[in-house]
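One chain comes next, on its own, written as structure tokens: the form predicted alone.
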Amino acid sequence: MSKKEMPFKKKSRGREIWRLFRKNKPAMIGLAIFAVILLVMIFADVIVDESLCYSFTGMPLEKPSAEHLFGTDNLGRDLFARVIHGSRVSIFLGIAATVAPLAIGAFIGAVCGYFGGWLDNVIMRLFDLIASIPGMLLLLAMVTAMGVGMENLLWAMIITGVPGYARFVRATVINLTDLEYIQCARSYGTNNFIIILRHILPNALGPIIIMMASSVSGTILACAGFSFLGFGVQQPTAEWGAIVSASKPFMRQAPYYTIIPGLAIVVTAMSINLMGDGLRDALDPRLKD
């Protein structure tokens, strides 16, 4: 059979999404920036020894120089090492505090949206009760009750994040349960949980991915904000928000101490937002040519 006679081969869904994503220049810029940040995070030990984060190797508040690229903090610790290794804590918190509640909320929302009935009513009313409390106030109350620190902040963000994700996925699943292929699977006696895992959640994956991409940057900012306020990561652990918090008394004397970790937070959040916007456009069928 000649090439002209060969049937048209449909592009895979993944390749089509990647093609549309590549056409979005801001999204590709965001991807490139975030890729560099991830490489810095992964190879932080190769770039600079972690022991320098806690060693008093210079005079307090030394300006950036060849010996200390980002200068030193108020205790004489190398700021370059603290920012590089702080990326691991900040990005881990942002991703973990997004993925964990999303995974839990997606399962709960899918079950509630698929089965409905009393189970849906009980769980959704409980989530309504949690949602009626201002998110920031609830987080502060939980962290205060459990004690400040990275682990308690992560648990508090997971618990408070589940209701929002569950409600979002539930609404998406309700729109899918009446489709013909779901009804067909039901008529063949397929197990309900297999239908949820194999048919419903994969088809709800597009909106879920978009929501996750748009949430990671906000979560990174929130975690840094809580550390800045003293409710999150505590000294001497290197984390961007905690570094900015420690720099507050020295903003005029050593502005680089605040600006450098602050820029790390802003650039990371911006790159994720750019990727999220590009992914949303690529997954939106109305924007395909």
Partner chain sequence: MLKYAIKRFLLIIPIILGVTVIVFTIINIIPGDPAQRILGVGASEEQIRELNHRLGYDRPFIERLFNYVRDIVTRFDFGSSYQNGDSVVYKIRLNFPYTLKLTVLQVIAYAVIGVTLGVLSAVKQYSALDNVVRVVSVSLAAFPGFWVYMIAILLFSLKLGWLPSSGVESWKGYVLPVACSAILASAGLQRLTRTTMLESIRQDFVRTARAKGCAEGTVIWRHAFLNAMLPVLNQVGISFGMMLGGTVIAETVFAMPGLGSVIVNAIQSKDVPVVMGCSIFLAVIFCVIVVLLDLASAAVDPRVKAKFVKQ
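Numbering follows the first chain given and starts at 1. Keep in mind that this is a model prediction, so the values were computed, not measured.
As for the form predicted in complex with the partner chain, it is not shown, yet the points below apply to it.
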item	value
L31, V48, L221, M41 - the one with a heavy atom within 4.5 Å of the partner chain in the predicted complex	L221
Candidate from L140, L201, I95, I182 lying within 4.5 Å of the partner chain in the predicted complex - any heavy atom	L140
Segment that reaches the partner chain in the predicted complex - one of 68-76, 104-112, 122-130, 81-89, heavy atoms within 4.5 Å	122-130
Every residue of I37, L154 and G164 near the partner chain in the predicted complex, heavy atom within 4.5 Å	no
4.5 Å heavy atom contact, A145 and the partner chain in the predicted complex	yes
Partner proximity in the predicted complex: G225 to the partner chain, non-hydrogen atom cutoff 4.5 Å	yes
Heavy atom of K63 within 4.5 Å of the partner chain in the predicted complex	no
The partner chain contact in the predicted complex: G232, any heavy atom under 4.5 Å	no
Partner contacts in the predicted complex for 236-271 (non-hydrogen atom within 4.5 angstroms of the partner chain)	G241, V244, S247, K248, M251, R252, P255, T258, I259, G262, L263, I265, V266, A269, M270
